[in-house]
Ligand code: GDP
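Shown here is one chain on its own, the form predicted alone, set out as C-alpha cells.
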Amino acid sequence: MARLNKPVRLSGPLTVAELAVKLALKGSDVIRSLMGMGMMVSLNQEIDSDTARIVATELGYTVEEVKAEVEVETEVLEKEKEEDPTLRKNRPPIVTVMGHVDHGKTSLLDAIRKTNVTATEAGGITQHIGAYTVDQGDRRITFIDTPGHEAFTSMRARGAQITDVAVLVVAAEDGVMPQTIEAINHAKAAEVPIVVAINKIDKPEAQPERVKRQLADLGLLAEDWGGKTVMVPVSARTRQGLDTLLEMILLVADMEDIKANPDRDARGTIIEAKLDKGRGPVATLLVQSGTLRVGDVFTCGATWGKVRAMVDDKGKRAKKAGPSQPVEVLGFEEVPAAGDTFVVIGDERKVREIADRRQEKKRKEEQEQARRLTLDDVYRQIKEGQIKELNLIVKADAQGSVEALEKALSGIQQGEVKVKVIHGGVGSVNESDVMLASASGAIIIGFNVRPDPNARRVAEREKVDIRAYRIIYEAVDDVKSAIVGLLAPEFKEVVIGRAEVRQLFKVPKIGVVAGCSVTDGKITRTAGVRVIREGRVIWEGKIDSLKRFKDDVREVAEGYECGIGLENYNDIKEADVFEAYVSEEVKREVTP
C-alpha cells in the first residue's frame, strides 16, 4: 500500500476524502491509518494539516510543505503594516452619494461632472464604469456611482471599506424620507463621515431649516446649530453651491487624514464586474493603495488575472492607475464579485496557488452553507465570546410601533451583552434591510409586516434571520430568552405559498370569494393564511374554501388560478396578497 518516497504537496485543513485523492489511495486506507492513531473519522470529516502530514508520512510519502493562502496573504498584510508611514501621501477622497429616490442624486452627480471636467473630456462623460473623478482646484475627488446601500453593505460584508465620505442628498421641499433614514443608518454602520447636501433650494417651497430640524432629530446636528455635521444648500438645476459642496467634502476628508503609498504593489476593491462578449471578463477596480500597471499579475477573490489593458473614467487608455483612481481592467480569468479585494503579487505561481485555495474554500463554504447569526444560536455565540452586542433591525406597520419596539428592545441587557437597534422603519422588510442585516450581522424583527418576495429571496441567499411578530412583548421575550439561552419555541413557521387577488365574487350565504392567481409556491386547504395589503398584515386566520373552477381541491400550485374563501372574513380587496403558511415542530437545543 505504501509508496516510498513518493512526493505529495499538502496545505491547510482538508477532508479525509480529499487526502485520499491526493495520496491516490482508497478512503478506507486513510481511515484505517487514522484509526490506528486513535481517531474515529468519516470520509467527509475535516482533519488539520499536521494530522494529514503524519498520515501521509506513515503511508510512505514525502510531504512537500506548501504555504497556505492565508499565510501568503498574512505576509502581504504584514508587509503593509511594516511600511514606513512617511511614504504615505495624500490621495483623493472616495465619495458615495446617497439619499431618497427623487431627491436629486443623479442630477446632482451629473451637474458636478459637467461643471468639473474640461471641454475636451466632456465627450467621455458617457463612459460609464461605475466611478469617476472630478477636479476641484488642484485636487481631485472620486465619486462612486452605485446604489448607496450596495457601496456600504455588499462590499463591507466582504471586509472591504471603500468609502471615505458619504454625501446625503435631501430635497429642501420634501425633507427627510424613509430612504433618507436608511442611508443615514448605512453610513453610521460603516462609520463613514456624512456631508449633507440640501438640494433643490431654488424651488419656492424649499425649507432648508425644516430639513436641519428633521436631521437633528436623527442625530445629525448642523455646524451652524452647534453640531459637527456639514450641511450645504445646493441646486443641481442652477448649479448653486456645488463648489462649496466639493470644498466641504475635501475639508471633511482632510480631517480623516486620507493617505496611501503610491510607490508599492497595488491593492484595492472591485466596484462592478461583467462578462463582455467581445472582451471577456471586465471589472471596474478602485485602487486604494499602490499603483496598478499594465502587465501586473494579481489575485482577486477566488480568481486571478494579469492586466492586459486599462481604461480610465474618461474612456481613455491608461498605462497606470494610482490611489483612489477608478479604472476598467481587462485580463481576469473569471468574472470577480463586487466587493472582492484585489492584490498585486509579482509571483504568478503564488497567485494561482492562492486562487486555487480560495476556490476550494468557497466550494466548502457552499457545501456547508454556513448560516449567519440567528436567534436560535445567539446564546451559543455569546458563550463562545463571538458577540458582545446583538444588532437588530426593526420594521413595523406604524411609526408608533417602531418607536415602542426600539425602546423596549434597546433596554435589554444581560451581563456584558446588550441589544442595539441599528435601523428602524415603517413598511415591509425590503432588500435594503436584508443587505444591512447581512453586512452588520443583524437579525430583522418585523411587527405586523412581512418581507417582500425579493427581500425573502435575498434573505435566503444571505442567510439572514427574519422574525415576524404580532405582539410586541413576544418579540421582546424572544430576544431576552435568546440571550440567556432559554429560547425554546415549539413551532417554526414556514411560508409555503403566495396568491394575489385578481377579482372578487359575492356568493350568497357564503360571503366574498377571492379569485386568485398563485404567484409563488402553493396554497393548501389546511394552511394558515394572512392577508397582506401594501406590505402590512391586516388579517390572519384560516382558509374556509379552496376551489378550482367549481371543484373543492386540497391544494393549488404556482401558475394556476383558484377561488379562496376565508373563515369569517370578507373585507378583501383586489391586489391583496394571501400568504399561506404551516407550522412545523422543531427540536430546539441550546448549547450550555
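Don't overthink the numbering: it's just position in the shown sequence, from 1. What you are looking at is a predicted structure, and each value in this text was computed from that prediction instead of being measured.
Below, we turn to the form predicted together with this ligand, even though it does not appear here.
*Asks:* Only one of R140, K89, K203, K306 gets a heavy atom within 4.5 Å of this ligand in the predicted bound form. Which one?
*Replies:* Exactly one residue meets the criterion: K203.
*Asks:* Tell me, out of R264, R357, R450, H100, which residue has a non-hydrogen atom within 4.5 angstroms of this ligand in the predicted bound form.
*Replies:* Of R264, R357, R450, H100, the residue with a heavy atom within 4.5 Å of this ligand in the predicted bound form is H100.
*Asks:* Tell me which stretch of 249 to 257, 454 to 462, 195 to 203, 269 to 277 has a heavy atom within 4.5 angstroms of this ligand in the predicted bound form.
*Replies:* Every other range fails; the passing one is 195 to 203.
*Asks:* Just to confirm, K395 within 4.5 Å of this ligand in the predicted bound form by heavy atoms?
*Replies:* Looking in the predicted bound form, residue contacts with this ligand do not include K395, since no heavy atom lies within 4.5 Å.
*Asks:* Report whether the minimum heavy atom distance between P336 and this ligand in the predicted bound form is within 4.5 Å.
*Replies:* No, P336 stays farther than 4.5 Å from this ligand in the predicted bound form.
*Asks:* Could you confirm whether A236 comes within 4.5 Å of this ligand in the predicted bound form, counting heavy atoms only?
*Replies:* Result yes; A236 sits at the interface with this ligand in the predicted bound form.
*Asks:* Might G104 be said to contact this ligand in the predicted bound form, defining contact as any heavy atom within 4.5 Å?
*Replies:* Looking in the predicted bound form, residue contacts with this ligand include G104, since a heavy atom lies within 4.5 Å.
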